[in-house]
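Shown next as structure tokens: one chain only, the form predicted alone.
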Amino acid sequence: MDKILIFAGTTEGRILTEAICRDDSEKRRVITCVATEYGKHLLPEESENLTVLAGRMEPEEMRALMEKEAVCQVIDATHPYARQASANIREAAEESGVPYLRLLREQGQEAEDAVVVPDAKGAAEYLKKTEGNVLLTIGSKELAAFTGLANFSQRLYPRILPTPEMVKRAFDLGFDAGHIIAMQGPFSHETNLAMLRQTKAAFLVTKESGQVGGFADKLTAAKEAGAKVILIGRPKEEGKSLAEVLRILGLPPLPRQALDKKEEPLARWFPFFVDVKGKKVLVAGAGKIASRRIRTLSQFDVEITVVAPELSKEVIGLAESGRVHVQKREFSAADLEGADLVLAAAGSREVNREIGILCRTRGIFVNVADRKEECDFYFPAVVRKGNLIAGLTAGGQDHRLAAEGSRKVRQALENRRAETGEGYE
């Protein structure tokens, strides 16, 4: 069975992987390598003819993989700006004697009136002569080049992938935690515009990521927001387009819309609306997060019990009004007896983890405030106007985005009421 090794990291790499896996005319196995676990999540599930490997590799590791798997073809589908990664892949393929093919992303539209610079350092040098906030959409690897700017932590807003290592990298460099935007793209014109306006950005620093990477939407949003585009020029290189690679591999061409549409990964969290009348809810904790969620739950016909050694003024007020029952003490496993739903927000990692484990062994749905991977459900941002109830979540990835979405929904409803005089009963 022929084995094809793909180094992905782009939409084209994912599409090529899927195309080879779908093809029944040839008996081929695909090994696709991505840099992060998040990238692995975007690919199809592993199967008999697909193996997905996550983690960055050194050239010797690449070479060892090529020789161990006896691959017949190496396809480099890494990002256009991942110059070192491409150089390493090419070197490993040459030393292993395996044919190398570079898959190039198509060029995007020309950026009129943009300031073109050769690299991140050049963008930073340009910004040193300017004033105003900056939205950085170049990823996390090159953020260090911008730390030489005066007051960079308050002036810059880096938009990076929502992975712990990326966020840690930005935080360790000294970027303000409130300025770090951790989200997965590509982003629509509307989303880019909202971010530019929210950050009051006078500049947008970006790369020529092509149509698939949402480059056109960045340009149109910057123009509408009045932000100057600083474009890091795309490196010149030779290679083949996705259509040409498909043809070389003997695969059928893809319809144009397969590349044009901004396809999102399948979502895991379905927003159920269930009858909660009379259900028993246990909340462990009464801090800021717990109090906010207790306040939201108090709008619903549920029995709320709060267990916490210290109670916030808001929780005390709700208790005095009869909306919640409180137990001023530490959590005990016995508190789970009869609970239908549990919120673990105790302010202690150990306690929250214990609650999550106990709930799963007892079949009780639990939300663990400080670990999204330990949650059975996410607590949504809730908007209620009479009988109209909306719940919004960003899949546990971006609480600020969910809050912003709920604010806009609430404002839209208020605007409708003001314009039409109609209520929501």
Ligand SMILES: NC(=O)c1ccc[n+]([C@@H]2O[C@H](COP(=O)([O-])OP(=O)(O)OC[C@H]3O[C@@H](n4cnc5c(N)ncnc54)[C@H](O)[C@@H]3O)[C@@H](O)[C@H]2O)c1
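Note that this is a predicted model, so its numbers are computed, not measured. All residue numbers refer to positions in the sequence shown, first residue = 1.
If you look for the form predicted in complex with the ligand, you will not find it shown, but the lines that follow are about it.
Contact annotation for Phe215: none of its heavy atoms lies within 4.5 Å of the ligand in the model of the complex. Though the partner is left out of this view, Glu46 does not reach within 4.5 Å of the ligand in the model of the complex, counting heavy atoms only. Interface residue remark: Pro309 is counted as part of the site for the ligand in the model of the complex, having a heavy atom within 4.5 Å.
Interface membership of Glu224, defined by any non-hydrogen atom within 4.5 Å of the ligand in the model of the complex, is ruled out. Between 140-148, 114-122, 330-338, 199-207, the stretch whose residues reach within 4.5 angstroms of the ligand in the model of the complex through a non-hydrogen atom is 330-338. A heavy atom within 4.5 Å of the ligand in the model of the complex is found for one listed residue only; from Lys168, Arg247, Arg292, Lys277, this is Arg292. The contact with the ligand in the model of the complex, taken as any heavy atom within 4.5 Å, belongs to Gly347 out of Pro80, Gly347, Pro186, Pro162. Residues Val351, Asn352, Ala369, Asp370 are the ones in 350-373 with at least one heavy atom within 4.5 Å of the ligand in the model of the complex, listed in sequence order.
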